[in-house]
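We begin with a single chain expressed as structure tokens, specifically the form predicted on its own.
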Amino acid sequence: MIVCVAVVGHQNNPLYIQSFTDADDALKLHHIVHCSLDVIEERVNNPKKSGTTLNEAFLGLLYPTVYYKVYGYLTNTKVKFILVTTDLDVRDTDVRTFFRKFHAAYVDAVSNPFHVPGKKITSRTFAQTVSNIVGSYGLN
């Protein structure tokens, strides 16, 4: 089950965070997203240790916790996408496909001429598209 998705800007500013659980878990999920930024930064700065190549957008499993698994994706413009899930047996191909769809929805949202680059994404269309993507995986 996908419990949270986030878009974080190139200066580590949150552009969009949506949790799909109770309000009680929202703060915990925000903390998990924030902690994942350190892991992403470490992987980008030390590609030989992490085994990922710099031309690879999908960063894979960033870190597991007791209840969650956190996955990352880095765009060419250094915008980070973070996925938090409770499923312990998620296939990488499913996560890659999710991130591709999520990236396409993000591109559509920031291509809006009224969107100010670097500011939070407030588009209701983007929020609905993200909810549809999460729902299409049957994980919400």
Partner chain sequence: MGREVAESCVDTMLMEMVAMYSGRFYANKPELAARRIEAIGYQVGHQLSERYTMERPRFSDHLEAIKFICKDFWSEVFKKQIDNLKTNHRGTFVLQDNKFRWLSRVSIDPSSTSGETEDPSTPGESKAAQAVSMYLYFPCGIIRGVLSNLGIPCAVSADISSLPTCSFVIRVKA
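Treat the numbers as computed from the prediction; the structure is a model and nothing was measured. Numbering follows the first chain given and starts at 1.
Omitted from view is the form predicted together with its partner chain, to which the following refers.
Visitor: Can you work out whether its partner chain is within 4.5 angstroms of a heavy atom in all three of P64, V90 and N132 in the predicted complex?
Guide: No, none of the three is in contact.
Visitor: Considering its partner chain in the predicted complex, which of H115, H30, R96, K69 comes within 4.5 Å of it through any heavy atom?
Guide: None of the other options qualify; the answer is H115.
Visitor: In the predicted complex, is there a heavy atom of its partner chain that lies within 4.5 Å of any heavy atom of K78, even though the partner is absent here?
Guide: Close contact exists here: in the predicted complex, K78 approaches its partner chain to within 4.5 Å, heavy atoms only.
Visitor: Heavy atoms within 4.5 Å of its partner chain in the predicted complex: does L74 have any?
Guide: Yes, L74 is a contact residue.
Visitor: Please tell me whether any heavy atom belonging to H34 falls inside 4.5 Å of a heavy atom of its partner chain, as the geometry stands in the predicted complex.
Guide: Judged by the heavy-atom cut-off of 4.5 Å, H34 is well away from its partner chain in the predicted complex.
Visitor: Can D38 be called a contact residue for its partner chain in the predicted complex at 4.5 Å between heavy atoms?
Guide: Contact with its partner chain, no.
Visitor: Quick one: which residues from 99-120 get a non-hydrogen atom within 4.5 Å of its partner chain in the predicted complex?
Guide: Contacts from 99-120: H103, A104, Y106, V107, D108, V110, S111, N112, P113, H115, P117.
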